[in-house]
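One chain comes next, on its own, written out as structure tokens in the form predicted on its own.
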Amino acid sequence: MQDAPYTFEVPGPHFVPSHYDNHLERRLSALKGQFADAAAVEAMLAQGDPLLYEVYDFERPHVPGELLHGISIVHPGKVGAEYNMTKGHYHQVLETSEVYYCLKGQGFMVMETPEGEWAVEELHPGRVLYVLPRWAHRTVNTSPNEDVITLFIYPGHSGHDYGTIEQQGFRKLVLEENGVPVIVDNPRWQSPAQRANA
């Protein structure tokens, strides 16, 4: 961990930082249960375990006042008709936000609140997205043959809550239909009231 102000480069075309502290790889098996087409997941896993996305980040204290930051790279591809995506998460400290700056590729950020509000925003190079407090978020790569790469920054004490999303996914899915991305309802998503009565 750096103990003085520091800089780093994110040179194209791959935008991997010139130095970093951690490199995370997420493969299809880590998102099992998140894609709509379970049969497609099993068929792909029978052939291997493809890499869906990577994160390069910098080690900073997980405390208020710090800003955690790094580069997220979502690779192109689909599972069935559903585009490659990140696991997606809420912040453990729900009232914290996050900023994304898209460096490369085309995609979407799928977002929702615990109460069921949702939003889907386009990602393309040069676009900055501010994810409000209380909003879960997931990056989806709709580019046919290039990575979606973003720079992310969020408060040091935010934490990650993946478990809530793992239970039922996001309210909206991004699928390919007739060669273009479409946003559809997730059939296994339930409202807070439905979950309470389940």
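Note that residue numbering begins at 1 and tracks the sequence as displayed. None of these values were measured; they are calculated from a predicted model.
The form predicted together with a small molecule is left out here; the points below concern that form.
With the partner removed from view, the residue among His157, Lys172, Arg26, Arg134 that has a non-hydrogen atom within 4.5 Å of the small molecule in the predicted complex turns out to be Arg26.
Put simply, of Lys104, Lys78, His89, His75 only one has a heavy atom within 4.5 Å of the small molecule in the predicted complex, and it is His89. Taking the partner from elsewhere, Glu98 is found to have a heavy atom lying within 4.5 Å of the small molecule in the predicted complex. Within this chain, Tyr162 lines the site of the small molecule in the predicted complex, having a heavy atom no more than 4.5 Å away. At a distance threshold of 4.5 angstroms between non-hydrogen atoms, Ala36 is out of contact with the small molecule in the predicted complex. Using a 4.5 angstroms limit between non-hydrogen atoms, Met44 is distant from the small molecule in the predicted complex.
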